[in-house]
Structures are given as C-alpha cells and as structure tokens.
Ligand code: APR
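Single chain ahead, by itself, as structure tokens, in the form predicted alone.
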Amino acid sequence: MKAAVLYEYGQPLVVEEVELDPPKAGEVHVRVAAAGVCRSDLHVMKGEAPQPLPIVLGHEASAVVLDVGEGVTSVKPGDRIITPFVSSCGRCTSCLTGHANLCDAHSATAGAMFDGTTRLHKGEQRIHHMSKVTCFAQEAIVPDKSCVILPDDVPMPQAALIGCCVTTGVGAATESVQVRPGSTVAVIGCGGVGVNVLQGARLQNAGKIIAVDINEGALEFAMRFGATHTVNPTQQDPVQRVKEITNGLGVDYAFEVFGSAETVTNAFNMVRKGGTAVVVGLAPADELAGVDTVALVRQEKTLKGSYYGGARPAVDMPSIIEMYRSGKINIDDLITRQYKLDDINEAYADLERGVVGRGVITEF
C-alpha cells in the first residue's frame, strides 16, 4: 500500500509503497477514508515533538473496516468509523479513574501498537505508527478500542476532524473546564483546534468570546465560529487589549491553543482574579513558560492543561456527532481545502503559510 513516511526530521515526507501486516488479536484493519492535516504532525516533522523514526504520521482520521483480528466484536467489515488518536486500554489507572485521554498503556507504547510491536515495514525495516492511527496511508491497523461507529449520513472528511481538532477544541471548553454561561473567554491561536474552542465556548453560552491571532484571515474566520471580538498581537498588546474589552478585569478563561512559552504566559496574564488559563497547544519539548507565582497565589489564578479536550472518545465522540447532525457544531465550514496523499508536503506547506481553515486528505 501507499503511505507517507518520515525518515528524518526537517525533511519532506516520502510517499512510497510499504507493507502492512495483518491485524493481531484486538486489532482492526481499516481503509483510510479521510485524514486531517494537523499541526501536531508538523511538530513531529520539525523535531519539536520527537517520535521514533521512521514513522507514518497522521492521527486525525475516518475509515472503513476491512477486517478484524481475533476477539474483536465491537466492529465488523464494512463499518464506518472514527479513529481516536488516544487508544484507551480500559485497565490502567488513568482509564479506570475516568481519564481515558491519558491512558498509561497508550503512552507507554508510543510509536507502536499495544503489544509494543509494529505492523508497518518496508522489507526488513520496521516503520513506526503515529498514535496507533497512522492515517497518512491508504490502510492502517488500529486497536479495536480506537473505533467509534459513524452514522451513514456523516461525511468522511467532517468525521475525520472529530477524531482530533473538533473533540480537542470543543472538549477544552465543555469538559476540561466547563465554561460558565455569561463568562468571558479569550482563545489564543485560531487554527483548527482554536476555532473549535470558540465553538465550545459558544455552546456553553459564554458572553464575550475574544479571538487572538496574528493572522487577520484567521481572525475573520474565527467570527464564523463564535468569536465576538478579535485581537491581533502584531497591532496591539494582546494582554492589555483583552483587559480593555473586559473593563480592565481580564477574562474568566483564557485558552492557549498555539503552543509556545510566550502565548502560555500571555494566557495566564489575561485572566482575571480567580480566572483559569487553559493550555491546549503543544509547545516544543524544550520550551518553559514563565508564570508570575505571586499572582498565582494572591489572585488565586488557575493554570491547567487540557489534553484531547479531556475526552472519553467512546462517550464524547457520539455526542459530538449528534451535535454536528443537529447543527449545533459547524464542521462543514472548517474544511477549506482537500488534497491527495501524493500532495501531502504541499498540504503542510499551506499549513505553515497560515492558510485558514482545515485541510483534509481525501484521495489516497
């Protein structure tokens, strides 16, 4: 089958023929239908989020089941599915305490399946798996616990985005902190995940929802997904401007969705006394943010991380699917461009150039 392989950080992906072993017990063989072009994969390509190499990237996908391994009863050939990028084992401490998005077994086997081995190879060279999804390929092997059944009336490109950016963004506002009705919200970074944080804040009936981004096109785009105000840090101090919009107080919630030490610090400084700064974006592995520890105590601020929107995919993704079907969440307008797998490096060049909206690979 064809796949896009990363052999070296800082180098283009290589689209080539690789081999895929059959599914083992508890695994599912799928045909990839759509794969989102997400910045998290770009972090890996640039070496900012190291993974074992070589690796087939891609973690935001919808697919069709082709075959199942021994003991799999949750899906069958022909089923349409979404593949969450965190597979929950259901047995570790994190899973058993309601934090399936932090599954210990999943993180302990990064780059491989749950048994610590891979199904991808090129001749004798083994190739690693991105988040047990590896959807920058025509086919993939995924854990059966990474399969959420998809209704027939949900298009595959839109479904793929539920696999990552929609769930991560909406969940940050609705699950990780549960934004209060009438509260004030700032979202720093209005890419694919950021606009879904805006949607989550709107779902929670927030009052003022402030989009913060250096890209004017992204700010215009954000207005379609719930933003009531916009701030461009290249034109004004973002912390000062957010406080002006909120009558000098600061926001109740600031979501950092870009991924840098500077924007984490800005998010913390934007929140009012008793407010909460939520870090959603992934900064490069070696970056440390500065936080005013006196303000943390005397102003009783909260600094919180949110991974995958606090999602329990088996429970939360079906709910998001229903909100999409009822028109409460807008996924259709998130997709602004579609690509062939052969053009994946062009897709990531567009992402780095700041083209607004989400790109999706739909031809393999």
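Residue positions are given as counts along the sequence shown, with the first one as 1. If you're wondering where the values come from, they're calculated on a predicted model, not measured in any experiment.
Just so you know, the form predicted in complex with the ligand exists too; it's not on screen, but the next bit is about it.
Heavy atoms of N215 reach within 4.5 Å of the ligand in the predicted complex, making it an interface residue. Taking the partner from elsewhere, T276 is found to have every heavy atom lying beyond 4.5 Å of the ligand in the predicted complex. Proximity of F225 to the ligand in the predicted complex: non-hydrogen atoms within 4.5 Å are absent; the residue sits far from the partner. Among residues of the shown chain, H29 is not one whose heavy atoms approach the ligand to within 4.5 Å in the predicted complex.
Taking the partner from elsewhere, every residue among H43, C190 and V257 has a non-hydrogen atom within 4.5 angstroms of the ligand in the predicted complex.
Checking G90, P77, P233, G71 against the ligand in the predicted complex, a heavy atom within 4.5 Å turns up for just one residue: P233. Comment: the ligand is not present in this chain, but in the predicted complex one of L102, L282, V154, A289 has a heavy atom within 4.5 Å of it, namely L282. The stretch from 316 to 324, 296 to 304, 62 to 70, 32 to 40 that comes within 4.5 Å of the ligand in the predicted complex, counting heavy atoms only, is 32 to 40. Shown here without the ligand, the chain has L351, R358 in 327 to 360 lying with a heavy atom within 4.5 Å of that partner in the predicted complex.
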